[in-house]
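Next up: a single chain in C-alpha cells, the form predicted alone.
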C-alpha cells in the first residue's frame, strides 16, 4: 500500500444519496486488484481524523485514474460529497485482499445488491479472459447503479428490484434461483448486505462462492480491530479483520446473522 496525492476529477451523485468520485494521480500502483479498497482522508477537517474506506470499482492505468463509490452515511461522507473538482486528497491504497484469480475461460457469476454492486464492476472490467454473468439488485429504480456497464461487460445480466420498478421483482437470491442452473458458474463472487449474502447459501453449497463483506472500519489497515468479524476455518472459530484479512472471504468462512 502507498499513500498518494490524488486530484478530484469528478464528484457527482449517481443514485439517491450515492456518489461517484473520480480521482487522478501521477502514477497508480501496479498491484491494484479487483475487490480491494482505498482509504480517503477528508481534507481540511481536523475533527475527522480517521480516513474513510471505499471500494475501488474502476481502475484506468492509462490515465492513472480510479473511481470510488460512496453512500452518504455521516459527517465524513457528507464532507467529501461537497468537494469540487480540482481538490487534492490523500488516498492510501490498495488495501485488503481482492477476489482470487480465476482460470482463463471459466465462468464467473457476479451477484450484487445495492452499493455492493460496485466492487463487482471491477471484476467485470478486469477479468477479461473469463465468461462473466451478473445478477444485480436494488431496493427500487431510484437506487440503480451502473446497470448499463454490467450489461455491456456480461454475457448475461439479470436485474432485479424489491418493488419491481426495475427489472424483475424480487430479492436477488430469489430471482437468481430461476437462472442459476442455466448459468452454471464455475465460481460466484458476491457483495451486498448481509441478508443478501446469507440468501446465497443454497448456491454456495453447489458452487465455490466468495463474498466481499461490508463492514464499518476504523483504521483500515488491521490495527484497530473495529471491523473484526467472527469466522471459521478448518472447523475452528476465530475473529478476522475484514480490512486486512478480507474484505473477500470464502462463503463458508463467514457467520451470517
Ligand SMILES: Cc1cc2nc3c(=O)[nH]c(=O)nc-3n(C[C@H](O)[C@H](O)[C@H](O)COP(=O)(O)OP(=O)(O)OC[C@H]3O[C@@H](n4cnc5c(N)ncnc54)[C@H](O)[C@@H]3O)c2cc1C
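Positions refer to the first chain, counted from 1. A quick note: this is a predicted structure, and the numbers were derived from the prediction, not measured.
The form predicted together with the ligand is left out here; the points below concern that form.
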### Query
Does the ligand come within 4.5 Å of any heavy atom of residue 59 in the model of the complex?
no
### Task
Report whether the minimum heavy atom distance between residue 124 and the ligand in the model of the complex is within 4.5 Å.
no
### Query
Should residue 50 be classed as touching the ligand in the model of the complex when contacts are defined as heavy atoms within 4.5 Å?
yes
### Query
According to a 4.5 angstroms non-hydrogen atom cut-off, is residue 214 in contact with the ligand in the model of the complex?
yes
#### Entry: Check all three, 71, 77 and 247, heavy atom within 4.5 Å of the ligand in the model of the complex
yes
### Task
May I ask you to choose, among 173, 115, 110, 158, the residue with a heavy atom within 4.5 Å of the ligand in the model of the complex?
115
